[in-house]
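One chain comes next, on its own, written as structure tokens: the form predicted on its own.
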Amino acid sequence: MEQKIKELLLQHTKELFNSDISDASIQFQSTRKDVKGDLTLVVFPFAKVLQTSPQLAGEKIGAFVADRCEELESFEVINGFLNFTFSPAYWFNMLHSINENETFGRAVEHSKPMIMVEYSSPNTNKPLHLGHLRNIFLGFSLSEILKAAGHEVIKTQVINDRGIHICKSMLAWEKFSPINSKGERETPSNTGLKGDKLVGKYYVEFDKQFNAEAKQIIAQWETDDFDGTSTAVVDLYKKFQVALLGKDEKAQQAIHDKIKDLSKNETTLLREAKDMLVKWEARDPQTYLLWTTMNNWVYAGFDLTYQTMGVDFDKLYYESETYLLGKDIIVEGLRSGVFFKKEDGSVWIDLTAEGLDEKIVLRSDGTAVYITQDIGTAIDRFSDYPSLSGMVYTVGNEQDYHFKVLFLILEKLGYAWAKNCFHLSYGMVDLPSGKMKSREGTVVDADDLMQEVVDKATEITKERGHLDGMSEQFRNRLYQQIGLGGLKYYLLKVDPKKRMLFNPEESVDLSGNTGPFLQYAHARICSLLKKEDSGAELVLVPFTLQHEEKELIKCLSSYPSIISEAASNYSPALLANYLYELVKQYGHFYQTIPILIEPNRDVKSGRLLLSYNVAKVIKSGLSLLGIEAPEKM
């Protein structure tokens, strides 16, 4: 109806307004719940055109639409807002249309441009953790929503498989992994430990040994034992010691931190890790074999975690293959004047005119920085997918500045698609216990957290009962669906921009704005429909709609626009909270309107079909959030 009224006003603009009006001036909004109406038109822009009061302008427009739109039952103007009320026949026809369309809400497949969505992008020195969960669920859900809105979507990740942090795990495994009776060091196969957890274990072990060695060096320095330490480092240490005198506690702590950093740079472990990185870049066979072996352990572990999450990717990129991609592009941009070179030979771009800073893109020795890689990777992706119109990067908000710079550089290099690149910036996830630290091993492991919510779902579901007649296999599957559904919904219902506190127990609660609450509503409707399974096909014939039925149909009818809005705003939270409102609306309908005991066969059939379509939209919407909808709970 919104589109019909808009077209009506645009087609008769001269007749109605004696002037042209723009499409943008026609603004609709949901009608306030405390006034009568199904759709509201903002009148103020037209009062100015008609040079009259908003009240008179609204009445003129309302009468004009009413004469030409048979679906309109009445209208009312209140304080410059024109509230339209549609006829019962309109709402019944809407229900019929929804009922006839099994893919209701979804746009025509591939009717919109191709978009690439990047998410996850883990490091291969540790397992996935809680922070990754929000990232992955956001990226995957947005991909599904964009598909439902008509886009062709390529789901991708960049695996950060190179660098000093990777070498730390490799070195620690070589130095500290125990050897068993067969002469073997620890591997996933001989320990039964997932590969990503095994490698992560040695990343933590490196940091433990690294800090112990640094502490020992400081202890030697404190006894004036500087054996093997360069004169420059000794001089700097002594300057720090002098600087400590007369300082307050906060200033002393800052100086002690500098001393710690100084000692860490003197450790044998760090030197060996740096040497290993040099060997890796030189493709030393032994180092490269170790790197390949340990990375493959991690990939196998990641695959199991992704399988549990129920997410996938269409294309993988590896940092080890992409980190040099941007260098040639930088050199070409230097020739064309996009970049400039400083006296030390480093290459920069000046973004001060855009309110940013100068940004280095090549070091003085010609090596690439992180943004160099991102420039090359972005261009490479458009080469891989020539039909690509834009990209969405799902990355935490600590990288906001990085992506502003990246998109600006791509624009200055002449890539028109850069304007269609978007950083899906999200806030961090906190726990009641505080922040996570990978090096200290205090991260909340993704596998462990998923198992925790499944265990809590198991406990709650068993307490409720209702499991009679279910096989053990079905029950275990149900516990998994409820637990992961609760986890995903809890992380997705919050606006991505907001920082959030995650509470595992709240996530699997069967009441309130939770995934299990929505899943239970779906299962309850399925149970209702099974109770009425008399063998006769349900038929939708006109019946008198009650207020609760009309409001429920109205809520259902907004599903396509919610998908479109969630896609255009890159926000699964809009869809999540719509589903919650739909379920609440159905709960009110279910408590108020008789269904199975309704004596009129046509009315009963209509209410059952209305229930069926609510379940259909719940299941469809949950699937776009990556959540399964059980038929029995």
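These numbers were taken from a predicted model, which means no experiment stands behind them. Residues carry their position along the shown sequence, with the first being 1. Throughout, rigid core stands for the largest set of C-alpha atoms superposing within 1.5 Å between the two forms.
The form predicted together with the RNA exists for this protein as well; it is not shown, and the discussion that follows is about that form.
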Exercise for the section: Sort through 148 to 156, 546 to 554, 207 to 215, 368 to 376 and report the only stretch with a non-hydrogen atom within 4.5 Å of the RNA in the predicted bound form. Expected result: 368 to 376
Practice task
Mark Met428 yes when one of its heavy atoms lies within 4.5 Å of a heavy atom of the RNA in the predicted bound form, and no otherwise.
Solution key: yes
Practice task
Would you please decide whether Arg464 lies within 4.5 angstroms of the RNA in the predicted bound form, comparing each non-hydrogen atom pair?
Solution key: yes
Practice task
Look up in the predicted bound form whether Gln591 has a non-hydrogen atom within 4.5 angstroms of the RNA, and give yes or no.
Solution key: yes
Exercise for the section: Report yes if any heavy atom of Asp227 sits within 4.5 Å of a heavy atom of the RNA in the predicted bound form; otherwise report no. Expected result: no
Exercise for the section: Check each of Ile259, Ile329, Ala273, Ala523 and return the one that places a heavy atom within 4.5 angstroms of the RNA in the predicted bound form. Expected result: Ala523
Exercise for the section: May I ask you to choose, among Ile78, Leu540, Val444, Ala107, the residue with a heavy atom within 4.5 Å of the RNA in the predicted bound form? Expected result: Ile78
Problem - Residues in 393 to 425 close to the RNA in the predicted bound form, defined by a heavy atom within 4.5 Å, in order - result: Asn397, Glu398, Gln399, Tyr401
Exercise for the section: Align both forms on the core first, then report whether Thr52 has a C-alpha shift of 2 Å or more between this form and the one not shown. Expected result: yes
Handout entry: Threshold 2 Å Cα movement between this form and the one not shown for Pro504, core superposed
Key = yes
Exercise for the section: Taking the rigid core as the superposition reference, indicate whether the CA of Val43 shifts 2 angstroms or more between this form and the one not shown. Expected result: yes
